[in-house]
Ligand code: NAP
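First, one chain by itself in structure tokens, the form predicted on its own.
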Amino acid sequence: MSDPASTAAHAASLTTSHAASRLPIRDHRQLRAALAQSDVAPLLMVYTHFARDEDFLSRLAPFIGSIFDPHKQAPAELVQELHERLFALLTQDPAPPDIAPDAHLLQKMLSAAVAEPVGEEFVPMLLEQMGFNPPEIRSTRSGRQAPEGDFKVLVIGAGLTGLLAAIKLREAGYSFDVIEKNPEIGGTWWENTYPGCAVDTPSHFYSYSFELNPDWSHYTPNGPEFQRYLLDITDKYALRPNIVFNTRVTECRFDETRNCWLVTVADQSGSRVITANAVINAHGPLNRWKYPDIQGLQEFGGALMHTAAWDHSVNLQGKRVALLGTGASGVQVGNAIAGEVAHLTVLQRSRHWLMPNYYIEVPEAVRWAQQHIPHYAEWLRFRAFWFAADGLFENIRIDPQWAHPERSISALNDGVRDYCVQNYRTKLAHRPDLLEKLLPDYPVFGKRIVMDINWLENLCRDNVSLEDTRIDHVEKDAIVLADGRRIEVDVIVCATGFDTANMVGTMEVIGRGGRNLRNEWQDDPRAYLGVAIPGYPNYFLTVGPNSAPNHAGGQNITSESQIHYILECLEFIRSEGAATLEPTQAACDRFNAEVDEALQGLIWLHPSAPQSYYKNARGRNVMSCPYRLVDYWWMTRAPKPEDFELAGELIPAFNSSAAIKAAT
């Protein structure tokens, strides 16, 4: 996907003066402590970056392993040699030159850091995602004129992606406003406050590439900590004046006369219509939670709540609690409340593969290393990215020649299965009854994998029981199973997910000629690149159909790729003097045909893969992107002119931030 000349140009452009300014390090005691406690792999990459010592890299690289391999232990004397070499470099005065590795050396370093080949197509993306390079966009190119002040962009949602859109729109000089239905920013991370709420992507990966956070308290962040990260970002970039809180978008209607969007918003004072030249819908798919369809559930006489709408007034101490669902949210809340309730009955609707994980605190010395050792944080981020994202992609690709399709889809997938099964068998050695109920009968990654942070141990507690019999109905004080057993409970907690197939949400979106997006999509949403839709000019999606990175973590990269692409589209409109842009129907159909074909070779459409929220009612996967993050990154560098229709002459929108706020 990249040519060597392009890759070399990106590598050569790596500038790190901010990192070089930290040298030489004067606090020798702290540096010694940081070297002693920090990971060998990123330390070796820092050393190689400054010393260009490929021989030493080759000596130590064989002792760096994948997280899925048996633990590798480098000889103590070799690790000590690395520490001494790096100490000398980092304390040297004058400091060593901080010059980017060339493309060849950088690719060699990437491969050594994760103990497997990393293709050259990754280099430009990783230079950006590791925080070395800002993305190259039209809005930063020489000769580019700033947008007209009366070209208005409306962003829906102030979560991870909406805030990113705001930051990038401001950098590019666009006039914009963000409409947020909640009283505070954060989206998912503001709404989900259930006990144990956490992110299941590694801390040092799940952040903006341009705002690496060296102060994560744990290697897996909890929800409140990530929300604080977003609050800090909001304050740092002074975004609040552009955000209208406690306001919901109810309709987006395209005005073909003025080539703009008429957006109806509602708050406690009523509804009103504002205008925008472009709309970026960043409301996300994981905020429309739903209760399961169980007879009598709404007539339950005790406390009933969903994890996404947690009622903190309910005291669970000493209560009999039923937990419906064993996906990510169910496992997290179950872990958090198991020790305080009188009894926790976990009602398993389907089996999930559990990946061994640990809630481990980041040592203070390692936080110090990220703040003071140049490039340590970037290499820590890369290793987290690889083992939580694209490094896992081959595990979801079906090998048609694989000899054991009854349990896995390839040799790699089988290896991850063994890794997970070993965890089950070790922790449940004395509970064969639980092992029989829990171990899935489909390949790993067939549906969203769940992080096992003490979950199996908690299921073994005396006050916890696991039921896998179907629920028949709910009575005033009990859940009745299909076999007739009554489980008396005081509280029912539903960790039962979201209505993801309804990507329009509660809005009405009306495009050209009165086209209604809800009617067109129904249960089968389709878009071009998951971002744009024929017939809906200048209406852009984020996390749209078939753009979610469900092979692993990486929503942060997908969000950055999509917002980058949307800004490139806005720049394309302006450069052509047009008013609107929309993909052709042919381009959209072609993209979706390619998606459907690519999905055929991946685990989600394997005959043994279970139904999941990735799929619609007919079994089509409408959520998952069938490409690696790096492939999608390349797809979203710039719009292809031949895939779009431009139309109209720009007529300014008629509202301003001040007008919106004055009317609020």
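In case it trips you up, residue 1 is the first one in the sequence shown, and so on. Just so it is clear, the model here is predicted, and its values are computed rather than measured.
Another form, the form predicted together with the ligand, is not on view; read the next lines as being about it.
When contacts are judged by a 4.5 Å heavy atom cut-off, residue 207 does not count as touching the ligand in the model of the complex.
Taking the partner from elsewhere, residue 447 is found to have a heavy atom lying within 4.5 Å of the ligand in the model of the complex. The ligand in the model of the complex is not approached by residue 218, whose heavy atoms all lie more than 4.5 angstroms from it. For the chain shown alone, residue 613 is a contact residue for the ligand in the model of the complex, at least one non-hydrogen atom being within 4.5 angstroms. The stretch among 328-336, 404-412, 535-543, 117-125 whose residues place heavy atoms within 4.5 Å of the ligand in the model of the complex is 328-336.
Interface residue among 226, 194, 300, 386 relative to the ligand in the model of the complex, by the heavy atom within 4.5 Å criterion: 194.
Residue 189 is the only one of 591, 189, 521, 424 with a heavy atom lying within 4.5 Å of the ligand in the model of the complex. Residues of 196-233 placing a heavy atom within 4.5 Å of the ligand in the model of the complex, in sequence order: 198, 199, 200.
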